[in-house]
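Quick setup: one chain, the form predicted on its own, written in structure tokens, and binding and motion questions come after.
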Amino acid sequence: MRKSNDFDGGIDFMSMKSNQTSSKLNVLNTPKIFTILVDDVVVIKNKIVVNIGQIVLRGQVLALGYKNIAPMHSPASGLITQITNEEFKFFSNKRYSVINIQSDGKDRWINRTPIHNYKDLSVNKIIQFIYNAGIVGLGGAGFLSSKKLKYSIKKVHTLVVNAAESEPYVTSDDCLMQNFATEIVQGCQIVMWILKIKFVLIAIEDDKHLAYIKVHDAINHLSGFEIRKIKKKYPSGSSKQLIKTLFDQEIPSGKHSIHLGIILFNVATIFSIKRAILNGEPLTERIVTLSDKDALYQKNFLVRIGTPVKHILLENNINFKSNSIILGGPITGFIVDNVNFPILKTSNSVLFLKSSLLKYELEQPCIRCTMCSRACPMNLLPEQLYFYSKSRDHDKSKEYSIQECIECGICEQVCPSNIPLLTYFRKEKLKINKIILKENLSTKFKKLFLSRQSRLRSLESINENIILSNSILDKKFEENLILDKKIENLITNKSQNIRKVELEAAINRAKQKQKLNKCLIDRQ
């Protein structure tokens, strides 16, 4: 198989990463109050299983999952102090239920049940354990890992471990590999056993020298494992670009790498799968990079899910009032306007920079320079998509494949007119998704209506048949009655005739007897 080792478009940002600082894993003191966000869909389905005033242990389920939403677990032992409902406009414009937990500082776990003999259990049971542990894709997508595994059974031959964190400043995966390489390999072996995969390819960017050495040493004597360095280039961590780089294959539009026989997992997700099975631990913490704009202050911390951003900053003596905070990478992350916002399962970085450095350049008209098109790694035409998005020409947006946009934000970075292209595209995709959802619902309701009409027609037909059938039966019943009457008459007539014959015979016998008696008398 030919390997391209590159993909079209993309951009090579300055790394803003330090191998020295990414080696050490720091432990953050636990906050007094944790904030857990629960998707409102779960709340609608009454899946929150704790109440205010309840004592909980670390790892205890707070909210059950629902469809594509993973269960949420308590990151510490303590007391449920508040359950509210809140909307975070800067995050997703969605409402969430917010569960506040006051830590008791004792960090008492639930009874954990490690499964060392996982090969003795069924595949479905192991996948269910992964679901129960709340494991989702930690690379940013947040997709349910259990669902991905279930869908991949008997469909894939290769596991790709995505360790390419191409955004500047972020070194959490780098730190993970340097400190937990053996456990990552164990996580790979669990996935290999579930999907009966024989080949694992671990992709690491060529600037992660120490991580490469650690992982290389961990797989050195294992068969079926390969590690490969890929060029440091944004967005090499995107699944489509990574498959193109590693296998020189393109994922078809609207499809997934699974259709090529390849399953991708972020390296942190693999690690959390290992912890869920071999340690019996639900997902309650992850590694987060804390960095400033110049990367002079760059550290990696093991942070509990639900830790407020404000706590991380205060623990590191960072003045959050004079800094702007970006949660996630500087390109795809979002500016946090509420420092009480918590670390999520998909949060891999907290970047702080002086508020004065965040300059909002005035949007200028597009000059058709096509720089965005040349940089787009998906070979789209962002300048066209911009015009269609702005004019709300949804059909044209779809025709120019806006749904294929991976939201890497490169177009926005290279635009000389300071057009917030990513914002336009996200809004347009959201509108198109709503239209598609509306159309699907309309189709669904139409189908249900037609189905109901069909059922009603069938019911009417059945009733008509019953009436017809009853009338036939009634007629037959009447005919049978007439027939029975005729038979009865015949029998009656027959009986009368028989009796008449018998009477005549009796009279004849009596007459003959009289004659016989008279003859006997005469002889005497």
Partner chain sequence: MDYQYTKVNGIFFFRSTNDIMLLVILAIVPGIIIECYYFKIAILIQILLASFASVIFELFVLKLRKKDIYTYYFDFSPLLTGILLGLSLPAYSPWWMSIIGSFFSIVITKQLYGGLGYNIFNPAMAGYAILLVSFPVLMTNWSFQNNLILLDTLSFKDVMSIIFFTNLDDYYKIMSQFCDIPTFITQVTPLEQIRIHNKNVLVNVASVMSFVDEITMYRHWILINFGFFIGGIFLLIKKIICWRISFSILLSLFSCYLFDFFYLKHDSISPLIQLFLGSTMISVFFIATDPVTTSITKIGRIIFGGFIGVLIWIIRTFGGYPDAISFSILLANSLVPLIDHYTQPRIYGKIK
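Positions refer to the first chain, counted from 1. Predicted model only: the values in this text are computed from it and were never measured.
There is also a form predicted in complex with the partner chain; it is not shown, and the following applies to it.
Peer 1: Is it the case that N29, F129 and K345 all touch the partner chain in the predicted bound form, with a non-hydrogen atom of each within 4.5 angstroms?
Peer 2: Checking in the predicted bound form: none of N29, F129 and K345 is within 4.5 Å of the partner chain.
Peer 1: Out of the stretches listed (141 to 149, 436 to 444, 170 to 178, 399 to 407), which one is close to the partner chain in the predicted bound form, meaning heavy atoms within 4.5 Å?
Peer 2: Among the listed stretches, the partner-contacting one is 399 to 407.
Peer 1: Within 4.5 Å of the partner chain in the predicted bound form, heavy atoms considered, which of I305, V350, I262, C415?
Peer 2: After the contact test, the surviving option is C415.
Peer 1: Note which of S272, N266, S291, Q241 lies within 4.5 Å of the partner chain in the predicted bound form, where distance is taken over heavy atoms; exactly one does.
Peer 2: Selected option: Q241.
Peer 1: Using a 4.5 angstroms cut-off on non-hydrogen atoms, would Q249 count as touching the partner chain in the predicted bound form?
Peer 2: Q249: contacts the partner chain in the predicted bound form.
Peer 1: Under a 4.5 Å heavy atom criterion, is I11 part of the interface with the partner chain in the predicted bound form?
Peer 2: Flag for I11 set to yes.
Peer 1: Tell me, yes or no, whether E87 is in contact with the partner chain in the predicted bound form, where a contact means a heavy atom of each within 4.5 Å.
Peer 2: It does not: once the partner chain is placed as it appears in the predicted bound form, E87 has no heavy atom within 4.5 Å of it.
Peer 1: In the predicted bound form, does F387 come within 4.5 Å of the partner chain, counting heavy atoms only?
Peer 2: Judged by the heavy-atom cut-off of 4.5 Å, F387 is in contact with the partner chain in the predicted bound form.
Peer 1: Within 421 to 460, which residues come within 4.5 Å of the partner chain in the predicted bound form, counting heavy atoms only?
Peer 2: Heavy-atom contacts within 4.5 Å come from T423, R426, K427, L430.
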